[in-house]
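As structure tokens, one chain now follows by itself in the form predicted alone.
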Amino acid sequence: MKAFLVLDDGTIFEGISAGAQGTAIGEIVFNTSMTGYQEIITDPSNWGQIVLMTYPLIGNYGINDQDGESGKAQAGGLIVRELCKEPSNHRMTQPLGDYLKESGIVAIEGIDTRQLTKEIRKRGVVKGAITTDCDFDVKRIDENKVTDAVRAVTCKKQYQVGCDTAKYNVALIDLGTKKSVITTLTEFECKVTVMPAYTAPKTIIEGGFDGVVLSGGPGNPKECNEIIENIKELQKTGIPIFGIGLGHLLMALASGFDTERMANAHNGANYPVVRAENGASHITVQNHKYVVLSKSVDKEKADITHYNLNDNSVEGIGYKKFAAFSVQFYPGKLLQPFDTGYLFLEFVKYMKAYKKS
């Protein structure tokens, strides 16, 4: 079946339907990862966005039951150069195309993804629609508005993920968390209570927690005023706070710093980040289009601990007046010299000191 990719300027790409029939409208963001498409599609940070994969062949190892970052597909749509029709992997449960159809994700293949990527790089923000409707009206693209993204992806009620050797009790504020972050915390001997994004600070303060994690998530951080005010209350308590992705941005706003929309978003698994403390370079996974303005960071309140080697954007902040730090990228879990698992160890160190105080 034919499918069409329609851009907000009227440009039309003709391709082949690779998922569900229908129409998906949203901002198009390109991701440079060569693998990990299942994690990308199920990452809540991609909620409402049409994801363009720059690697030319997607789906070669299919879909499995273990690698999803949430309980369902989150991306609004998917664009690929070629969808693998005969995937092969011992963990596979179904082909990617079948998964997209079952999940209701509209997708297209067979278009020039290189040309489209260049267009996004040039323009910065490109909205569009994938559709199997030959009579699609381009005006619908401008009429489509995405708001309240965090409320759309956060959990509806709190739940716990245990650990047999747990030494620390962590509250994770679910702004659109990835499952892998929760799993990694348990591997660092933490019992994790996952809480809805708009949980009142009083619930956390009186909950006997040793630390708080502000997860990653989708949307414009400046739309999250209620959450920002809640973070301000948590900062006053002295409880250790670890911000990731959107959590990093919200903690910066709560501290009086500023954020802005990036000219080109960071979406991929190969972004180089330098740790200012020792000059070590890390290759990181990122998925964001907003960034903390470096000039807005008050040096009396915080230090910039990490920066991006490509564009010098802020990638990490350490706070001086309370036990908190945050990073823009997704931290790894390995404790090898060039991985970022040390961030979890740093959080554990903060919690250990807090418990003794």
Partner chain sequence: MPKNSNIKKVMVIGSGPIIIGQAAEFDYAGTQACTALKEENIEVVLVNSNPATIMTDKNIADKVYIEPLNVDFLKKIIIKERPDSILPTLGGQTGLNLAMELAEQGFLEEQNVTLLGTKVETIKTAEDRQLFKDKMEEICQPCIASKVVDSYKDALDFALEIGFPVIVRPAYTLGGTGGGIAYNEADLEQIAPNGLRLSRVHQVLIERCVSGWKEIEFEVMRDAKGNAITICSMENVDPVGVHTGDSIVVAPAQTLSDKEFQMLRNAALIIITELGIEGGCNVQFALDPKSLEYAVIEVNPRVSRSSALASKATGYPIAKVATKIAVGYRLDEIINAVTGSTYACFEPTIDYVVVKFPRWPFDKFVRAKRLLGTQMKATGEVMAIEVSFEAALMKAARSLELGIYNLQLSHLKKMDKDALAKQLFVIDDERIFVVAEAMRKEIEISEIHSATKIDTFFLYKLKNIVETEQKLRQGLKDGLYAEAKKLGFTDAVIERLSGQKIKNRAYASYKLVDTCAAEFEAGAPYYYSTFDNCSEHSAGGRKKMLVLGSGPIRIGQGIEFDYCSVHSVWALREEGYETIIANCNPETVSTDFDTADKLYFEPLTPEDIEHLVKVENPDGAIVQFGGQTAIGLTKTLSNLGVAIMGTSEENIDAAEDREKFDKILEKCGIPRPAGKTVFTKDEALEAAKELGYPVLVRPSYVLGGQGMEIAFNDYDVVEFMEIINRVKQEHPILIDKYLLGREIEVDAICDGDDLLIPGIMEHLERAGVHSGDSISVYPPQRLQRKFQDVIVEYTTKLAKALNVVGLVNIQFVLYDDEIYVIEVNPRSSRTVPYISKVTNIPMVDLALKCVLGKKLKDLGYGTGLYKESDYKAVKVPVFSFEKLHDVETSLGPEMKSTGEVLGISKDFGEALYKGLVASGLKIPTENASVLITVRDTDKDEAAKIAKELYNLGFIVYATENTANHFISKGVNTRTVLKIGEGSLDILDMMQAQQFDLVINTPTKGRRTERDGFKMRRRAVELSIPCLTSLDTAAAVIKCVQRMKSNAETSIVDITKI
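Numbering follows the first chain given and starts at 1. Note that the coordinates shown come from a computational prediction; the quantities given were computed from them, not determined experimentally.
Just so you know, the form predicted in complex with its partner chain exists too; it's not on screen, but the next bit is about it.
The listed set Lys236, Lys167, Lys118, Arg140 contains one residue whose heavy atoms approach its partner chain in the predicted complex to within 4.5 Å, identified as Lys118. Heavy atoms of Thr203 never reach within 4.5 Å of its partner chain in the predicted complex, leaving it off the interface. In the predicted complex, its partner chain sits within 4.5 Å of a heavy atom of His90. Remark: Gly68 does not count among the residues lining its partner chain in the predicted complex, judged by a heavy atom distance of 4.5 Å or less. Its partner chain is not shown here, but in the predicted complex it comes within 4.5 Å of a heavy atom of Ile283. Picking from 240-248, 194-202, 273-281, 152-160 the stretch near its partner chain in the predicted complex, with a 4.5 Å limit on heavy atoms, gives 273-281.
Taking its partner chain as it sits in the predicted complex, the stretch 47-68 comes within 4.5 angstroms of it through a non-hydrogen atom at Thr54, Tyr55, Pro56, Leu57, Asn60, Tyr61, Gln66, Asp67.
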